[in-house]
Structure formats: C-alpha cells, structure tokens
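Listed next as structure tokens is one chain, alone, in the form predicted on its own.
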C-alpha cells in the first residue's frame, strides 16, 4: 500500500505474523504493506485487536511466545544500504544493534518495560554504552542531558530513582529518554498516552512532536485515538483485522475517507451538539481472528455490503487519487462509487 520512493526509511511488504496455539492459527497480521518516509510521522489507527501492536513487534522481531512472522519483508534503509530485518536472526548481533540504535520503541506501559530492580539511570546508561560505546561517566552525563531534554524534573537526582518511585508521567518521560538516547532513525510509539491521565497525555504528545522535529526522526504513532493522529501525523494507515484497508495523507483520510470502515471510525468520534454528546458507533464487533470471514474482512459490518462480491473475494488495493490507497470492492474495476 503506497508506492516506494527514495526517501523511504522503512518499507513493509506483505507482512504476515501468526500466533499458533491449540485453538488454531491466529492471523494477527495478514498481508500488511506500508512505507515510512524519513522525517515524517505515520499514524496507524484501528480498533483494538486489529494488529497495530503486533505490527511494531514484528518490525523489531520481538513477537511474544507462540508468535512467528511467516513471510514478508521489513526493509530498513540507512546510508544507502537496505537491510531486510526479517532475514536477520531474532537474537542475532545485527538485529540487537538495530534495536535501540536505528529503531527505538516507546511501549504502552513503562512500568512493565523498566526493570524494577535497577534505577532508570542504570538502564538508560546501559543502552547508551551498548550502542554508542561511551565510558560510564560519559554515558551518565549523556543520560542526564537527555532526561533534561525531555523535561524530567531535577534530572541529576531523578537519574538515580527506581521506576516505582516515579509518577506515571515521569516514567513515560524516562522511557522516551531511553528511546531517544541513541538518536534513532525510526521511533515507534505504541499507544504512548494509554497509561497516563489526560493532563499528562498532552505533555507526552507535545514532547514527542518536539523531539521528532528536533532530531528529524521518522515516527510510527500507533493509537486508537484519531485525535492524536490528526494532531501529529503526516500520513495515516487504517488497519482492520491484520490488514491495511486505507492509506493516505492526513488530509486525504480525514477530509476524503474512502473505505466504509474509515468513514465509520471518523463518524464514531464523539461530537457535541446542543449540549449532548453524539456518537455513531460502528455496528457489530471485530470478528473472531481465529475464524476470520471470507472475502473482505469488514463485510459483516459494512453498510455498503455488496452480496456476491464482498463475502466472496478479498478486495485489491487500488490508488483512488495520487498517494491515496484503499482496499475495497467499491473502488475496484468499473463499479466505483
């Protein structure tokens, strides 16, 4: 989905990541493709269970137990050299070097990502020494500097605190500091505001925006909050049941959505009207991923369902306008509506 260009820093092609259990095979990612341009922000949105977080885990080769990427390509471009991350061993020295240095990640819940028995400083310093080869004293000075840059109060003292002594907002800032400590080319932020209150949410998003502009990173912002996408993203990928259903610029997606699912997501954003909050939910629920429907995965919930077509064949991805791609039978062949 989307045409590859010379300024792409990350290209994902036909990615398939499955989970295998006694219940069957769960196709968490089932043929996902997208490109991330250098210095730009790509927002990935969709309901819970659509595969957003598994996409990030697949890119970094950190899928949990029973999960496996069975096919596809994840191409990282750096200094004119293209590396397929899926061709590297999950624990190879090359992929371990790329994690943190080239591609860093901010997780949903920092408390589960930091070691509770080491100070945040120890963990940031270890990352810096591993990827930048600095001495312990140099790494500590660099860690204090990055903590200060992300707005951590009293960084020279906070660096010696344990994660459980920090508030949720401070832990999130510490995680952002650790992610940015090696100046990565790509930052993946997986629901970075889920574990903090609304006051801290705005601060975290503004911090990511400032650091992205300052460091010139490419960012993948994974969220179910379309307001966050509208505020931060340059391009948007809408996912449903492990597949990309629409891709385009933030203006195209918000002002000219094509896929019925995208339209449903936008319509479900709460609106204030005459003192009341109006919500138009998408009917039905995301299907059981162990038993995905045939044809278009959205057809059981689609208000524009076409019998004899939508439940029979998977729609092809088509470009409906320059840079705007959609996977829907409404835009395939001669029947374009």
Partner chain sequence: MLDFLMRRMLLMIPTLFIVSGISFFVIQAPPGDFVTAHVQRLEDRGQIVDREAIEAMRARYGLDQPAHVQYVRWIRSMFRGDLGMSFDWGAPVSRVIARRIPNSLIISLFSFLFVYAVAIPIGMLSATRQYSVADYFFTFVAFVGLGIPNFLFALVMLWVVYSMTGQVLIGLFSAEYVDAAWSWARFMDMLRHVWIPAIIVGTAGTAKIVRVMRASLLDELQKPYVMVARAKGLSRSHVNYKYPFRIAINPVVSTIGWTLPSLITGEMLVSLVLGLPTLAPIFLRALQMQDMYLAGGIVFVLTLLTLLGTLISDILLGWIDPRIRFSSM
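Keep in mind that what you see is a predicted model, and the values were worked out from it rather than measured. Residue numbers count along the first chain shown, from 1.
Keep in mind that the form predicted together with the partner chain is not shown, yet the notes after this line are about it.
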{"item": "Output flag, 37, 132 and 221 jointly within 4.5 Å of the partner chain in the predicted bound form, heavy atom basis", "value": "no"}
{"item": "Contact test in the predicted bound form: residue 157 vs the partner chain, heavy atoms, 4.5 Å", "value": "no"}
{"item": "Residue 57 within 4.5 Å of the partner chain in the predicted bound form, heavy atoms", "value": "yes"}
{"item": "Heavy atom of residue 61 within 4.5 Å of the partner chain in the predicted bound form", "value": "yes"}
{"item": "In the predicted bound form, residue 114 touching the partner chain (heavy atom, 4.5 Å)", "value": "yes"}
{"item": "Heavy atom within 4.5 Å of the partner chain in the predicted bound form - residue from 217, 178, 239, 204", "value": "178"}
{"item": "Contact residue in the predicted bound form, chosen from 77, 142, 252, 123 - any heavy atom within 4.5 Å of the partner chain", "value": "123"}
{"item": "Region of this chain that lies against the partner chain in the predicted bound form, out of 244-252, 224-232, 146-154, 161-169 [heavy atom, 4.5 Å]", "value": "161-169"}
{"item": "Partner contacts for 279-299, taking the partner chain in the predicted bound form and a 4.5 Å heavy atom cut-off", "value": "none"}
